[in-house]
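Shown next as structure tokens: one chain only, the form predicted alone.
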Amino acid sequence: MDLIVLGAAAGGGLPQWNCAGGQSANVWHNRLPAQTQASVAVGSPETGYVVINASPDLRQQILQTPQLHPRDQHPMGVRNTPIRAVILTNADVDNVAGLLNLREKQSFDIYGPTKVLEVINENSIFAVLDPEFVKQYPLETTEMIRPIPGVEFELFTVAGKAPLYLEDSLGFESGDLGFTSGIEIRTETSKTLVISSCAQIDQKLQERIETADHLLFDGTVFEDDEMTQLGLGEKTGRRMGHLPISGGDGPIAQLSHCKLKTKRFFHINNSNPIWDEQSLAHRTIRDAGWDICHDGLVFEI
């Protein structure tokens, strides 16, 4: 069973389309490779694949991932896909907009927290996903599903906030609003956690991480105010619902005792210096036993 990183960047991707600063500048000048917005696929050619979060770049990600291509001489005909299901961990645009790429009357299932599915169903644009073909199933905290053979997926709530476009109606709060979740992926041989957004590492989350073999963790910003420092915006990482990597309560400090096989940062913003392997920030995470994800990374779970 493989985990494929379809996209490793945070919202806007790398480079961001309207940004010539931060790490985007390095991509525009061909010093770094471009990265699409955060999403992973789990599965095998025999079982099919489950996509975790449908990023706005999903069509491009399918094109650059042969494992997700339709097959010639398929029993279902010329229109087919190995994608069996999509699991949504929150209702951010970065995680749901890609569903619109899957609108061609193709059968697959959507799983997500009730609050996330409600957001989708309240927006008429998602009606292009014909319910005759695309079934929705609520997936709440601690529930476990087996959408493909040989692997289990469990949803768990993490500290976060409401999606940006719902802040006016719901207010900003760093806490459990039921909108932000991680996914635990279990096979016969390993346990993998995918946590693309996290506003706090509490004891319960630490205990879950301690039992894992592989971790993909929210690496949005290295410093809380790095966007302000670079002139890229006024919001801090914490205001966006993300822990800074370098903070005293951040993942390097809080998870230093966790002896996982692999720890990788995921959902990395275009402002984050860890993209640059020559940077002090990158050396800092490497010295702490962490690495970063990149588009196309594949590892066995």
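Counting begins at 1, following the sequence as shown. As the structure is a prediction and not an experimental result, all values here were calculated from the model.
The form predicted in complex with another copy of the chain exists for this protein as well; it is not shown, and the discussion that follows is about that form.
| Of 56 to 64, 41 to 49, 260 to 268, 245 to 253, which is the one stretch near another copy of the chain in the predicted bound form, taking non-hydrogen atoms within 4.5 angstroms as near? | Of the options, only 56 to 64 has residues within 4.5 Å of the partner.
| Looking in the predicted bound form, is another copy of the chain within 4.5 angstroms of a heavy atom from every one of N80, A97 and Q106? | Yes.
| Should L230 be counted as a contact of another copy of the chain in the predicted bound form, where contact means heavy atoms within 4.5 Å? | Answer yes; at least one heavy atom of L230 falls within 4.5 Å of another copy of the chain in the predicted bound form.
| in the predicted bound form, R71 touching another copy of the chain (heavy atom, 4.5 Å) | Flag for R71 set to yes.
| message | I'd like to check something about M144: if you look in the predicted bound form, is any of its heavy atoms closer than or equal to 4.5 Å to a heavy atom of another copy of the chain? | response | M144 lies outside the contact set for another copy of the chain.
| field | Contact of Q203 with another copy of the chain in the predicted bound form (heavy atom, 4.5 Å) | value | No, Q203 is distant from the partner.
| field | another copy of the chain in the predicted bound form - contacting residues of 8 to 30, heavy atom within 4.5 Å | value | G11, G12, G13, L14, P15, Q16, W17, N18, C19, A20, G21, W28, H29 sit within 4.5 Å of the partner.
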